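Below you will find one chain, with nothing else, as structure tokens; this is the form predicted alone, and questions on how it binds or moves follow later.
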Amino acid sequence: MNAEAKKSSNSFTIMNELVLPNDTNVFGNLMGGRLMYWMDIAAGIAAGKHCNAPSMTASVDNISFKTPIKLGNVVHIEAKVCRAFTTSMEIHLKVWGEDLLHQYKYESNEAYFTFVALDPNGKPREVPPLIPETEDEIRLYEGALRRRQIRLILAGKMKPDDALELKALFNL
């Protein structure tokens, strides 16, 4: 395919949602599953912007919830492709809550989702390479290979001895 490389910033997606009563648990906090649903949508939009093709979620890295988002607050989700491999893309997501009444924004969590681009037959297809530009984009891009190797090892798709990037990190 040899698609033309795209900048990370081209996939940048912002999604906002208002936390309504049906989105909360008995403590008045946004349910984690609802937030993951919204994050999956934002990541899917970012992936689609990068590869101009349908794509599907392949994996979700650890999601740790730092601060609960309360009923009536606004959820801000930012998603951006941070590295493209052959057929997959790693998307970095950052999530904030915003209390409009008290006028403050707070960090909720961040995560990495992996999406695979699909051809018309539902088979993986090649994605364009990614060009990181800012210091933050370069940092995320450089760490993506290690994160990918960890995901593949945990999924049983790579032997730890074959994870050269991780071995180099630990001087093994």
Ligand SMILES: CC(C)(COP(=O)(O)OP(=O)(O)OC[C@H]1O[C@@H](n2cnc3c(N)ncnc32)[C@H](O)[C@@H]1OP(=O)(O)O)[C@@H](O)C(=O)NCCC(=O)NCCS
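One-based numbering along the sequence shown. Remember, it's a predicted structure, so these values are computed and weren't measured experimentally.
The next section is about a form of this same protein that is not shown, the form predicted in complex with this ligand.
Handout entry: Candidate from 39, 30, 116, 130 lying within 4.5 Å of this ligand in the model of the complex - any heavy atom
Key = Result of the distance check: 116.
Practice task
Check each of 145, 58, 45, 140 and return the one that places a heavy atom within 4.5 angstroms of this ligand in the model of the complex.
Solution key: Going through each option in turn, the one that passes is 58.
Problem - Per-stretch contact check against this ligand in the model of the complex, the hit in 102-110, 30-38, 118-126, 63-71 (non-hydrogen atom, 4.5 angstroms) - result: Checking each option against the 4.5 Å cut-off leaves 118-126.
Exercise for the section: Give a yes/no on whether residue 85 approaches this ligand to within 4.5 Å in the model of the complex, heavy atoms considered. Expected result: Yes - in the model of the complex, heavy atoms of residue 85 and this ligand come within 4.5 Å of each other.
Handout entry: Any non-hydrogen atom of residue 152 within 4.5 angstroms of this ligand in the model of the complex
Key = Residue-level check for residue 152: yes, a contact with this ligand.
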